[in-house]
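Shown here is one chain on its own, the form predicted alone, set out as structure tokens.
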Amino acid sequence: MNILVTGTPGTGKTTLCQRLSEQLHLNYLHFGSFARNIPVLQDLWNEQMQCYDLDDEAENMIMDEMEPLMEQGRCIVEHHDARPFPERWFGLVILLRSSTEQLFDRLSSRQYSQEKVQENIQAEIFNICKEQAEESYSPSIILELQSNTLDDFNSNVDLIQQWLSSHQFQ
């Protein structure tokens, strides 16, 4: 079984993935890191938005790189977009949500441009990541969690471990 952690930038995906990978001995895969390691994709870097503008072909190249690891199982994958992945890859999809106030503070502290901050806050308001997850995966494997505080984080780790245990994650 593999796990996908998705949500608007700033919801705590990286922190959650790092904790779960340590506690559950999972291989942590950050989608963006694969893009950085494929030389032909470097021309797709958007300097203003500080991200890659990936088309379907670029996403497929990344998926090809990820496939052998995913087939081995016990991976936790981080990406804000749940759509590009084959449904068969994941037994659990964790959707992190945060208040717009938290997102504003977190994204501003990263020194993102105001345009990027506003784009991500609007994505959260309009449920973009939620819609993408629901379009791509069965509701029975989507676990939607609030991620605003340290208490939320600790509670989320416990809830995820309980979910995995009850679904016999191996």
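Residue positions are given as counts along the sequence shown, with the first one as 1. Keep in mind the model is a prediction, meaning the values are calculated, not measured.
One more form of this protein exists, namely the form predicted together with a small molecule; it is left out here, but the text below deals with it.
Partner contact region in the model of the complex: 106-114, out of 106-114, 132-140, 59-67, 39-47, criterion any non-hydrogen atom within 4.5 Å of the small molecule. None of the heavy atoms of residue 21 is located within 4.5 Å of the small molecule in the model of the complex.
Remark: residue 162 does not count among the residues lining the small molecule in the model of the complex, judged by a heavy atom distance of 4.5 Å or less.
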